[in-house]
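One chain comes next, on its own, written as structure tokens: the form predicted alone.
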Amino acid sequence: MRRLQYILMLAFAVLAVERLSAQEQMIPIEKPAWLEIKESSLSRDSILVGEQVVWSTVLSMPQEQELLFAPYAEVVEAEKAPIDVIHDFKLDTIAIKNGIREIEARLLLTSFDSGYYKLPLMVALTPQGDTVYLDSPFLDVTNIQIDTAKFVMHDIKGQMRYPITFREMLPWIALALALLLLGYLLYRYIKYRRENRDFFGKPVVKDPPHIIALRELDKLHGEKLWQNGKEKLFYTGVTDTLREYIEARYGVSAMEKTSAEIMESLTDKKIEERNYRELDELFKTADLVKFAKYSPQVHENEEAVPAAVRFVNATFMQELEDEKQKGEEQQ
């Protein structure tokens, strides 16, 4: 039923607009006896150019009857009236009593041409197919009157500058405080890092080099790399651990040196001959595995970690003896 009403309304709108545009003067037909116009008025009968006005029409009809209104914008366009429709028909049922329904049809209009106009008629279609033209009021559209005798031309004023409020400054203050806090935290981090302290200023206790080296060697021993065919990775781990220990223990930049250069830099250190020789053999075997695709014997693999551990322990014990000897000499 509702779809049929929309179809009828569309057909009616096209027909009504054509009839409006074809006639120079509209002659309203007699309205149905069941339809009563109780009120039809503008919210004000005169406006300035560009102001808005509401046209409200209250109709009374039996509850079973309906009116289908043609879009008012099309009616205005067909008559080429100097009126602009801001909001087309808004229909509201305002009362139902004793089978009689009152509806209000509202239009929001404006005009940008001054003059005294009779608004185009409202056009509606009854369920019986009759076209109803509802009378319209007059609208007076005026311009702002300028007293030319007293009018004085003024220069264009510059842009007004209002004082900046605290609320407008608040985001910038918050941003400045955040940048200051970030700068302070960065400074604190760099300063304490250089002093070997944590973020809260507590000294960072580092394990001595021999503890770090022994821990890494024990970890390599537990990973069983060479047993799974990863000899290159195994020897790289062992020699890198020894390089880091030598660099921390003797101050030699072992990570950037070749094996031969490392051994040469250790010749003047107090290292027992046996430990020195074992370290040299370990480095040579590792170089063959890493660079010459050498496959070491099982006993060589088994001896790599123990040899590294003996070197770390022997040199650490030597360090303790040196410190003890210095203490006795000072006494």
Partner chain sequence: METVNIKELNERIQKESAFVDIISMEMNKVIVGQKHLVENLLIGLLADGHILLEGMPGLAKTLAINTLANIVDAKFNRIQFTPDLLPADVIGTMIYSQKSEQFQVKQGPIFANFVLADEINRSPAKVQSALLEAMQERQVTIGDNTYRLPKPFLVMATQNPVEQEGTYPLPEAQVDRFMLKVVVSYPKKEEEKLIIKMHNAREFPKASPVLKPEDIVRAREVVKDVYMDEKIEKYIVDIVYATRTPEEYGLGKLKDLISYGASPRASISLAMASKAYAFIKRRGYVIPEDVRAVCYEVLRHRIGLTYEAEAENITTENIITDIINTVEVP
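Numbering follows the first chain given and starts at 1. This is a predicted model, so every value here is computed, not measured.
The following text describes the form predicted together with the partner chain, which does not appear among the structures shown.
Trainee: Applying a 4.5 Å heavy atom distance criterion, does residue 288 contact the partner chain in the predicted bound form?
Mentor: Contact check for residue 288: yes, within 4.5 Å of the partner chain in the predicted bound form.
Trainee: Does any heavy atom of residue 298 come within 4.5 Å of a heavy atom of the partner chain in the predicted bound form?
Mentor: Outside the cut-off, so no.
Trainee: At the 4.5 Å heavy atom threshold, is residue 260 in contact with the partner chain in the predicted bound form?
Mentor: Yes.
Trainee: When the contact criterion is heavy atoms within 4.5 Å, does residue 221 count as touching the partner chain in the predicted bound form?
Mentor: Residue-level check for residue 221: no, no contact with the partner chain.
Trainee: Taking 4.5 angstroms as the heavy atom distance cut-off, pick the stretch from 157-165, 67-75, 250-258, 172-180 that is near the partner chain in the predicted bound form.
Mentor: Every other range fails; the passing one is 250-258.
Trainee: Check 93, 101 and 106: does every one of them have a heavy atom within 4.5 Å of the partner chain in the predicted bound form?
Mentor: Contact check failed for every one of 93, 101 and 106.
Trainee: So which of 227, 110, 142, 236 gets a non-hydrogen atom within 4.5 Å of the partner chain in the predicted bound form?
Mentor: So the residue touching the partner chain in the predicted bound form, by this definition, is 236.
Trainee: I need to confirm a contact call. Of 232, 191, 118, 215, which residue comes within 4.5 Å of the partner chain in the predicted bound form, counting heavy atoms only?
Mentor: Exactly one listed residue reaches within 4.5 Å, namely 232.
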